[in-house]
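Next up: a single chain in structure tokens, the form predicted alone.
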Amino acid sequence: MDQLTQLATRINFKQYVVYIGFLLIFLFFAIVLKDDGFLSTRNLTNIILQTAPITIMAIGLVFVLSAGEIDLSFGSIVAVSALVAAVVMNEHSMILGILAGLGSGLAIGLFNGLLVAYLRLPSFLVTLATMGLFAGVARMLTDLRSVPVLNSTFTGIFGSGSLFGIPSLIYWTVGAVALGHFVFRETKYGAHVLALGDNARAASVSGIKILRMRLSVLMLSGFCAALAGLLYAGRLQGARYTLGEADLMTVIAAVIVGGTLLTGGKGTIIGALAGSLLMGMLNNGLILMGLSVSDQMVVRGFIILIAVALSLRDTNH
């Protein structure tokens, strides 16, 4: 008994909260919604497909938060990038459309990064401002009109296609998580991100180029948001200014619930994936239960509050 008690005290259960929560919520919906198709293969696959863009954005946000910064503009970047890609693709070629979409996300990330790193402006205020700025740009780009994506190759690769019976969005999710986890955990860049978020002054003294790091994580976030925009455009076979508009709360919740600290210095890509799937499963289950959009927002808000409380509690102990 004493050995079990010692083992329990040695294990940090906080790092497993997202996985325990995922299991409990899954079991709850599996029991309550067993007659509503929650456990059907089609429904479970849809949860994964719907959360693919959320997971991609969450990967970028893990790097930003771990570096001690924040990005609130990624939802607007999603819309701008998807619209730019769709317009260029319809007028020129698929390759140019993809490059234009990803390039616009990188450009906005560069703009954010320059203001934060070299003008020393707080990332919260900068990205709050650019969130509104580029939401307006997305509305102006096509005068509030949707842009259809007619290129079947693009929609197959970025959304509705499959390979060996596995949807392309699952490949994107697995590939992005694997690459993000490797860079974050196994490379010098990932170590520098964590060092910057843990103690910027000490990181600077140790030779880390902290201004370049701040610039790079915001550019990475912009790129991830742009890729998410392409995945939305591919799956929906079109782009609209509202893409990504409602994703801010969901992505932040996924990242924080997954174990990344708001204050920097600690993050996890695998946890962000689990958090993203948890939020997707929660949204799916609440819809099947017949809850309204406002009720779903209330539940998500409570989850964010709990996650933030756990995150801040972890930094105080």
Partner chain sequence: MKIKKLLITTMLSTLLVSGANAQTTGPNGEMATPSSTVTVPEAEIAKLKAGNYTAALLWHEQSDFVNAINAGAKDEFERLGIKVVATASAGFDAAKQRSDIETALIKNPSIILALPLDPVTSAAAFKEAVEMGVKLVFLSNVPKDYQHKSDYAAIVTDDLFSMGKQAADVLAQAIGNKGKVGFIYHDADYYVTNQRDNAFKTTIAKDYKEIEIVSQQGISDPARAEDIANAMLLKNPDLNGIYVTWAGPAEGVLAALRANGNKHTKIVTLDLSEPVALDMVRGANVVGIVADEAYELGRVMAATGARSLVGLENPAFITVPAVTVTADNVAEGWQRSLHRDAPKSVLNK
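Being a predicted model, the structure only gives us computed values, none of them experimental. Residue numbers count along the first chain shown, from 1. If you superpose the two forms and keep the largest set of C-alpha atoms that fall within 1.5 Å, you have the rigid core.
Only in words, not in the display: the form predicted in complex with the partner chain, which the text now covers.
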property	result
Partner-contacting position among Gly175, Gly136, Pro148, Pro122 - heavy atom within 4.5 Å of the partner chain in the predicted complex	Pro148
Partner contact for Asn284 in the predicted complex: the partner chain, 4.5 angstroms, heavy atom	yes
Touches the partner chain in the predicted complex: Leu236 (any heavy atom, 4.5 Å)	yes
Exercise: Asn43 in contact with the partner chain in the predicted complex, heavy atom 4.5 Å	yes
Phe184, heavy atom within 4.5 angstroms of the partner chain in the predicted complex	no
The partner chain in the predicted complex: contacting segment from 266 to 274, 251 to 259, 59 to 67, 43 to 51, heavy atom within 4.5 Å	43 to 51
Leu23 C-alpha relocation of at least 2 Å between this form and the one not shown, rigid core basis	no
